[in-house]
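Heads up, the chain below is alone and in the form predicted on its own; it's given as structure tokens.
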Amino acid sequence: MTLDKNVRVIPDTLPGIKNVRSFQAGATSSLAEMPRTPKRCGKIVSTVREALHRAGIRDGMTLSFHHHLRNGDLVVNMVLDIVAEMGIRDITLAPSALFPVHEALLRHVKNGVIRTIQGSVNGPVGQAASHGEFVAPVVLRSHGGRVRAIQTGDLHVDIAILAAPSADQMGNVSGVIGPSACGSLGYAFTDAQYADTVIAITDNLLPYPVTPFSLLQTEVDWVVPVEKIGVPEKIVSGTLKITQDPMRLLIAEQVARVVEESGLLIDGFSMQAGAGGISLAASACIRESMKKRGVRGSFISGGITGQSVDMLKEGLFRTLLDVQSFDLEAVASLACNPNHVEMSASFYANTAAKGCVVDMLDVAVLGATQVDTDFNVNVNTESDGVLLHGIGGHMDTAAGAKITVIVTPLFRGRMPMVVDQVITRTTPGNTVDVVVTERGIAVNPGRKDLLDNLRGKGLPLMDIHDLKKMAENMTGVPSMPPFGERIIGIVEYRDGSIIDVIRQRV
């Protein structure tokens, strides 16, 4: 008898091993449970339709998308058209944000393909929600709140469809190279990690391995090459504009003064400011203050602009923590500067994580559509009650920063921005510290320490109620927009509690 020298006698039980299975050469063994895992053939499928079919798409599923291609995105509309052609209905859409380009999806709301949206509702889609076009209320979440919801199972994603500026056949994805390069893919990380099936759609298929990669092959199931995923000139703007409006420049200068006198503008200072005209101007003023004082900050976080990149190059900050890159300068910097770091939305703002960046912020400069006398902020609905904006990272950064500064003109279009009660409460007043307008600065009475620091420094400090009266003297007292009883929107706070509801506009 000839014995096979490769045969080994393995006991039925072994210490520390739950289930003993003997190796058999050529057997699939445990891999039989993972039939989708490819080998060298890769994960490429020829069409989006085929990828959706392999993902097992069916009625009532939840599909997610990320928004880093912004108003240049071609993927959301492309995929939903195919979903409609497949006869799928009652889909829940879970985007990290939507833009005016996505108005085209409203036809799929009307024909029953899309039931509702959970995530961010903006522009024409939000307006349609305000007029009751969705079967179920839309659920609005912040960037951090969205991650928490997916992580905890409150929002279960069946299929994540990821726009990939570059990818290889195994599903490694990069955001900094390719014709549709958009920089950081921070909002897509959670979808890739938690969705049941992940499909990457790319217009730049490259040899394996793509580097530097953001999303990993270990999380991507299928890769679909297409002709085009984005319109480059609409993905990013070449240069974001600092406001030239004298009134808004005055607001920006007052923000810088508040930061200077707060006691926080010292070495190690950290901040986040948006990409709007006032926020950019405020950042420019803070930049000059740092230079004068010789202050070297620790980090800028959130959406990163060319101005942030310049501050990094000048040595004013050590690090940029980038969850989305707002312009071409930011994309180029992320690709080559090791101190410009891509971060996930969870790392950025997830209250259920073991620590997030917003909790390390000194100053956050944020906008508003309304502020009330209790310092509550509305960023979702306009003064006419129509839902036009998502939450973004507003409530996340407000909760985490040592000082949250809200910037707003005292009125817009003859409508006061400081009111008795906001139409929609997005960010609670206990997380807001200062409101800066062109005609006065109001400090939250709960921040006596900050008020003491700012007194006697030549700043136009006022009680928030006096700001409201001043606005009303100029514009008149606004009437409340007419609403029906039907709830069309639910505003979820970052911890999953409901902070407000939005009723149908009539």
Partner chain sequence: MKTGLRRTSLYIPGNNPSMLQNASVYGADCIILDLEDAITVTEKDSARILVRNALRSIRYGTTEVTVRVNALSTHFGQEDFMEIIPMKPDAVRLPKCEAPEDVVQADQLITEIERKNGIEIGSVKIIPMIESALGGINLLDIVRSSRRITGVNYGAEDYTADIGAVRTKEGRELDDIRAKIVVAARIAGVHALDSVFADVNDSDGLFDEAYAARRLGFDGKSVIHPRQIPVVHRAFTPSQKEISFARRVVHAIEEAKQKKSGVIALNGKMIDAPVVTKARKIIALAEAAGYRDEGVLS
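Predicted, not measured: the structure shown is a model, and the values here were computed from it. Numbering follows the first chain given and starts at 1.
One more form of this protein exists, namely the form predicted together with the partner chain; it is left out here, but the text below deals with it.
- Proximity to the partner chain in the predicted complex holds for all of Pro246, Gly413 and Asn473, with the criterion being a heavy atom within 4.5 Å.
- The shortest heavy atom separation between Arg49 and the partner chain in the predicted complex exceeds 4.5 Å.
- Contact annotation for Leu250: at least one heavy atom lies within 4.5 Å of the partner chain in the predicted complex.
- Taking non-hydrogen atoms only, Arg439 approaches the partner chain to within 4.5 angstroms in the predicted complex.
- Figure note: of the listed segments 225-233, 75-83, 255-263, 431-439, the one touching the partner chain in the predicted complex, with heavy atoms no more than 4.5 Å away, is 431-439.
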